[in-house]
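Below you'll find only one chain, the form predicted alone, shown as structure tokens.
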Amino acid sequence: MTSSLQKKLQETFIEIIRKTSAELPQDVVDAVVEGLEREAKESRGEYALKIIQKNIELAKKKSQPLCQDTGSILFYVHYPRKLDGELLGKVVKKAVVAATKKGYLRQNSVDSLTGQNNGTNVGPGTPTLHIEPWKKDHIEVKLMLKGGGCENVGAQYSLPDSRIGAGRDLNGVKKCILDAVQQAQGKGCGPGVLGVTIGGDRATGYLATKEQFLRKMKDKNPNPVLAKLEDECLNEANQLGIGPMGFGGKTTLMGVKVGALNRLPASYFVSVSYMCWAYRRQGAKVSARGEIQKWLY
């Protein structure tokens, strides 16, 4: 990889970071608008969603972060085999440092032992890089910025769970999902979107929940059983009355995305990740020359 290509890719990664931080993709904006239309006039739910809508518009206009917590930085990158994946990872990290200096990312990655902040957003485990080669001749970059508030209300269940009366079946899975929503009670900056994984182990289950957030809001799960579960959980969650920011209303969730992994007979995990209304994920198709050819969301 030549130095000029590295420089161009760094500039491209910086632009992807800027856009992800400041501009919600249209499918998420549409979901916010749909939620606003559902809420009763002059209600607290409507008021909360109007504030959210103004925040979205202002951040895009000023090209500034949507939230003071620009969150965990998760990159999902596929690259042509002819490129050096290790070097590409270093370019991504340089872009994160530069984007932080420009103000596209807040300086909010701290050392877990000392609490010190080096101001770069680069350190052990951050940014999180999922970089894999593929046979195509272009680079695909997907980026997610996931805030700490919504991360705090994620949950993992081991079935059977006597506390909520959940057995080892899809009805038990549904009880887990709705319990996670009930426990959050607006603390994750709702209305939110859930990423759910049935099965796997404790680590792979949570990892796969994040990948569910890379789906588009209006897509349909190709598995009809999971598609039905997604629709049922979304409808039932929005009947709980929690509403935007927990203020009450009809829009507690904007979406539910569910996947399934194989599991061991001894284990039956249900992992739930919560994404706040500031659903910051963006992606781009990048040419072999480092230029953005197409935005993915």
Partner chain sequence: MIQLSAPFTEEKIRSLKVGDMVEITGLVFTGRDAIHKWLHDGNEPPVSLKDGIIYHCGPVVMKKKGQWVVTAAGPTTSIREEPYQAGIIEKHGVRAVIGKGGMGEKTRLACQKFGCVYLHAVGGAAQVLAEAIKKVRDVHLLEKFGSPEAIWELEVEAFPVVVTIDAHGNSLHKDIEAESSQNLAQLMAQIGKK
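Numbering follows the first chain given and starts at 1. Predicted model, so just to flag it, every value in this text is computed and none were measured.
This next part talks about the form predicted in complex with the partner chain, which is not shown.
Novice: Of Lys174, His78, Lys216, Lys94, which residue is found within 4.5 angstroms of the partner chain in the predicted complex when only non-hydrogen atoms are counted?
Specialist: Checked against the cut-off, the match is Lys174.
Novice: Considering non-hydrogen atoms and a 4.5 Å limit, which listed residue (Val122, Leu129, Ile164, Ala227) is close to the partner chain in the predicted complex?
Specialist: Going through each option in turn, the one that passes is Ile164.
Novice: The partner chain isn't shown here, but in the predicted complex, which of 138-146, 218-226, 166-174, 80-88 has heavy atoms within 4.5 Å of it?
Specialist: Heavy-atom contact with the partner occurs in 166-174.
Novice: Please run the contact check for Asp179 against the partner chain in the predicted complex: heavy atoms, 4.5 angstroms, yes or no?
Specialist: Residue-level check for Asp179: yes, a contact with the partner chain.
Novice: Residue-level contact is defined here as any heavy atom of the residue lying within 4.5 Å of the partner chain in the predicted complex; does Ile52 satisfy this criterion?
Specialist: Yes, Ile52 is a contact residue.
Novice: Mark Val153 yes when one of its heavy atoms lies within 4.5 Å of a heavy atom of the partner chain in the predicted complex, and no otherwise.
Specialist: Close contact is absent here: in the predicted complex, Val153 is far from the partner chain, nothing within 4.5 Å, heavy atoms only.
Novice: Answer yes if any heavy atom of Leu74 is within 4.5 Å of a heavy atom of the partner chain in the predicted complex; otherwise answer no.
Specialist: Leu74 lies outside the contact set for the partner chain.
Novice: Scan 230-254 and write down, in order along the chain, each residue with a heavy atom lying within 4.5 Å of the partner chain in the predicted complex.
Specialist: Heavy-atom contacts within 4.5 Å come from Glu236, Gln239, Leu240, Gly241, Ile242, Met245, Gly246, Phe247, Gly248.
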